[in-house]
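First comes one chain, alone, set out as structure tokens in the form predicted alone.
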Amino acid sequence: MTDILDLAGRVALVTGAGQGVGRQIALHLAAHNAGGVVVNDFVLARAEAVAEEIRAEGGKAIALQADVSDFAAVKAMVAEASATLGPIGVLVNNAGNAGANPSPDLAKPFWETGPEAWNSFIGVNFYGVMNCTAAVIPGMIGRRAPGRIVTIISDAGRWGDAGLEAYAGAKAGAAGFMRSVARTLGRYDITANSVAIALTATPAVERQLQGDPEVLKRMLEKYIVRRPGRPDDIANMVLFLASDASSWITGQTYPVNGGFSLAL
């Protein structure tokens, strides 16, 4: 039986893939005939652990450390990845949250802070997406084969989220950037799409909830499907957008959110 989600040997780079959603995306891509997976994280040990999981299942993977908000580091990472595995055919911009070095002022109202604090969100969620996309495009075009760019955004960027103005703005900016990239790169058979996620059971969310079922219950009142998302829920959509099953889809934002945006 033909696997419509087969990645046809494309090399994939997944940022922030050392845990949570990024880890599962990397595992999904490896399981569907990626030519190799570059597992990026700013904590190398986490990336190494995921790369080893892939290799244990017979896949090809390397772990590379880089802070995606650092353009020079991203360029070096992509150069090393391309030299080791070949040019990147799939980029998944997954790295997010507050980046490698969150500002201690993030809990304050944004108008009581300034650009240094705001950049905790903007650096990874917007500039990180631009940095990685810019770094892979020349090689992706040079492959003369279909390419795929997928960016993980947040429903905060679609609907807004109180107290997360800089984060929401960065995610909305990333989605707009993807739409323009889609228009520019369509002639090269390269698609660019976004996946908007909501409450998902990642290590960061689990730390936030700290096992309090009442907090979780109140949060889930805004969802039609009354459970947090799972990493594989998001990875399933990313895999689809990375495959040829989505070859006529570009410039779109797909919500994977348990009906959150209908339940508001």
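Bear in mind that the values here come from a model prediction, so they are computed numbers and not experimental data. Start at 1 with the first residue shown and count on from there.
Keep in mind that the form predicted together with a small molecule is not shown, yet the notes after this line are about it.
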The stretch from 133-141, 172-180, 146-154, 186-194 that lies within 4.5 Å of the small molecule in the predicted bound form, judged by heavy atoms, is 146-154
Does any heavy atom of G20 come within 4.5 Å of a heavy atom of the small molecule in the predicted bound form? yes
Contact of G58 with the small molecule in the predicted bound form (heavy atom, 4.5 Å): no
Interface membership of N97, the small molecule in the predicted bound form, 4.5 Å heavy atom rule: yes
A34: heavy atom within 4.5 Å of the small molecule in the predicted bound form? no
